[in-house]
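Quick setup: one chain, the form predicted alone, written in structure tokens, and binding and motion questions come after.
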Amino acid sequence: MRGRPLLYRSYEQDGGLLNTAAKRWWSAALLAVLVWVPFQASPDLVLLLATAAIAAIGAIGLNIVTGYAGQVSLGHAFFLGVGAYTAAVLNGDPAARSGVVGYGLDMWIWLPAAGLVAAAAGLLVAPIAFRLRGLYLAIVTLGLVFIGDHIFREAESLTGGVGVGRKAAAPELFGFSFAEPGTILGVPLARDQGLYFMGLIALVIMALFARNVARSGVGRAFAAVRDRDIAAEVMGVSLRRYKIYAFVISSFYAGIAGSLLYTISRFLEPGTFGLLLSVQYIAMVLIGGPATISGSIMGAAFVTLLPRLIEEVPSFVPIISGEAAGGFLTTQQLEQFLYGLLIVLFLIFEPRGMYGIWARARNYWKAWPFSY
């Protein structure tokens, strides 16, 4: 019926990706703003936004296994590291340094390969994780971080060694380098703008794929496993199959994010992929909102931009110091404190995260001036 935008006649229409005119218009406006921003913001802010876009890919992957499928994972940093080092090895210069492996392959090879190798690592872990849940599963996945930390430190031919490291993969596709100034369709782009659009394009593709997975039969099976796994199994949902699917898809996303994330800093160091990195991604999911793609993006943007905001705190709060030592708190300590505090506050007061706040505000204005 015309004039009734929220009246759906089928499940397909109700579950459509952009099933209302308002969603289509707002999505187009948001995309236009995202394209406009890098030409107006400062280069360092644009690089931060590029980092946030790529980090959001990893957050979406963690949200698939934790938010949608309900499987607690603290080992996300391990899969990020696998993807990052896979890309660095496949793209690395064979003659760059003696003893360090490199094959000089192009981006269209190392990018999907990074996701596939990380997915293969997830496939190895998934059968073990299938038999566990809750705290036991969290401890097993936490062990992956320490196993990965040992492997990354000792495999010097792949990682370059502790304190030495190696160059990250170079984001060059079909002759165009995203990490160098260039021109696309007659538009000149600086290095920060090229990296930003690389991250934005990758995020849009991966987010759309994840959203389609979430609204498919696989996504509904994930939700059934998360909410009532015994009831789901009685209904014919294979717990083993869908838990493995969740871990493999999540690991693939982490591999893609890891391979792209360090193209911005251009450098990889084995000590990077520790427990703190996993905690940051957990914070992205919990602060942004579990089981939502939009929430993952919001959480990634918030956690990535938070250090930039904290850097301004010492100028307003004298007891906070920007130096490594001095003051009641350093900015790094404040950052870690805020991660923990925000996770606790969101879990207690807003379990749906930033997305839940946005949803309540949206629903309020939908019903305004009525309360129902």
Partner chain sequence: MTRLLQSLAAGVGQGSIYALLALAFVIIYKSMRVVNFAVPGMMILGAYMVVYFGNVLGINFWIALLLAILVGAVVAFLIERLAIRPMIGKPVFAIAIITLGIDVLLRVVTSDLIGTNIRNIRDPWGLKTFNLGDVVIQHRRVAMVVAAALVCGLLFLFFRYSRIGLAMRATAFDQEAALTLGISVGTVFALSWVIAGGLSALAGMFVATGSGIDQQSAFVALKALPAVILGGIDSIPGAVVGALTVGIFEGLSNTYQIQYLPFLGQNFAQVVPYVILFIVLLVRPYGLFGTPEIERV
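Predicted, not measured: the structure shown is a model, and the values here were computed from it. Residue numbers count along the first chain shown, from 1.
The discussion below concerns the form predicted together with the partner chain, not included here.
In short, of 199-207, 251-259, 225-233, 102-110 it is 225-233 that has heavy atoms within 4.5 Å of the partner chain in the predicted complex. Though the partner chain is absent from this view, in the predicted complex it lies within 4.5 Å of a heavy atom of just one residue from Leu144, Ala168, Ala301, Leu90, which is Leu144. Taking Ile184, Ala95, Ile128, Val164 one by one, only a single residue has any non-hydrogen atom within 4.5 Å of the partner chain in the predicted complex, and it is Ile128. Heavy atoms of Gly340 reach within 4.5 Å of the partner chain in the predicted complex, making it an interface residue.
Ile348 belongs to the set of residues with a heavy atom inside 4.5 Å of the partner chain in the predicted complex. Taking non-hydrogen atoms only, Tyr136 approaches the partner chain to within 4.5 angstroms in the predicted complex. The partner chain in the predicted complex is approached by Val344, whose closest heavy atom lies within 4.5 angstroms of it. The three residues Glu172, Ser265 and Leu306 each lack any heavy atom within 4.5 Å of the partner chain in the predicted complex.
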